[in-house]
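The form predicted on its own is given below as one chain in structure tokens.
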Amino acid sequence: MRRVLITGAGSGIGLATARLLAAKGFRVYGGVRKSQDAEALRALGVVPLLLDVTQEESLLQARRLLEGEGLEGLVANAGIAVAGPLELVPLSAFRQVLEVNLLGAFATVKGFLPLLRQSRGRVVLMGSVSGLVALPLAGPYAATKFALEALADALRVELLPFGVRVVLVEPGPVATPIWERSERWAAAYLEPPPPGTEGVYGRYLEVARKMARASAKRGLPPERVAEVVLKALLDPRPRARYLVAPKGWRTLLLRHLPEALRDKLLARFLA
């Protein structure tokens, strides 16, 4: 497998993965939305593609460019983060995170499947531990990642007869620019609060900011996730899921607790 497309390759996990695969001799196509990100990829030996995963025409144009060369691997990595108390999150922001993280991943796989069927290639979807445990103040983001778990399960079985393997990578918090961008964006859509909620969630907003800053500072390096993506692409018998979390990370233990106990523990976190 030598020709791989990575969406969201301009920063974070996507950029780290593009850098690693290029260094390993892959021909890497990096999907980006900004021309300056395209220049940075060229410097790494990556072929940049201006690509918006929320626009079918953009995906179709990218596929046409690759039809003459073929494609063995697809890493659907493009994503954004929307956070905050659900009552304060505008429907427009919720729709946007669904559009990018879920529908964008689906549209990307759908768009490039004809090439992947020809090569009996591989799809790597970028999930998250937020698709396993939904924490307060991360509801919109977690909703997209829970849905991506279902999408991966369905695709994995549907594409198996064609020799196309589907893998889901589930990182814990990763130190990438997504958190800083999310915090700036949240400041715009969470304030001023909707009528009737003034002063209700003041403490929650501070907790959300601390969560974002902690993830940006102490999260896993994106290079660690990139190494797992490489494994998911090359393993002759890949697992359905690859969890990438710090050793001893306790958050996943929450999913094994009774709901009442889990809710009480998390509510204290917000107090």
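The numbering used is simple: start at 1 and walk along the sequence shown. The model shown is predicted, which means the values in this text are computed figures rather than measured ones.
Although it is not shown, the form predicted in complex with a small molecule is what the next lines describe.
Chemist: So which of Met126, Val164, Ala138, Leu155 reaches within 4.5 angstroms of the small molecule in the predicted complex, heavy atom to heavy atom?
Modeler: Exactly one listed residue reaches within 4.5 Å, namely Met126.
Chemist: Tell me the stretch among 79-87, 155-163, 109-117, 194-202 that has any heavy atom within 4.5 angstroms of the small molecule in the predicted complex.
Modeler: Result of the contact check: 79-87.
Chemist: Heavy atom to heavy atom, is Lys145 within 4.5 Å of the small molecule in the predicted complex?
Modeler: Heavy-atom contact with the small molecule at 4.5 Å: present for Lys145.
Chemist: Does Lys210 make contact with the small molecule in the predicted complex, using a 4.5 Å heavy atom cut-off?
Modeler: So Lys210 does not count as contacting the small molecule.
Chemist: Arg33 near the small molecule in the predicted complex, any heavy atom under 4.5 Å?
Modeler: Result yes; Arg33 sits at the interface with the small molecule in the predicted complex.
Chemist: Is Pro173 one of the residues lying within 4.5 Å of the small molecule in the predicted complex, judged by heavy atom distances?
Modeler: Yes.
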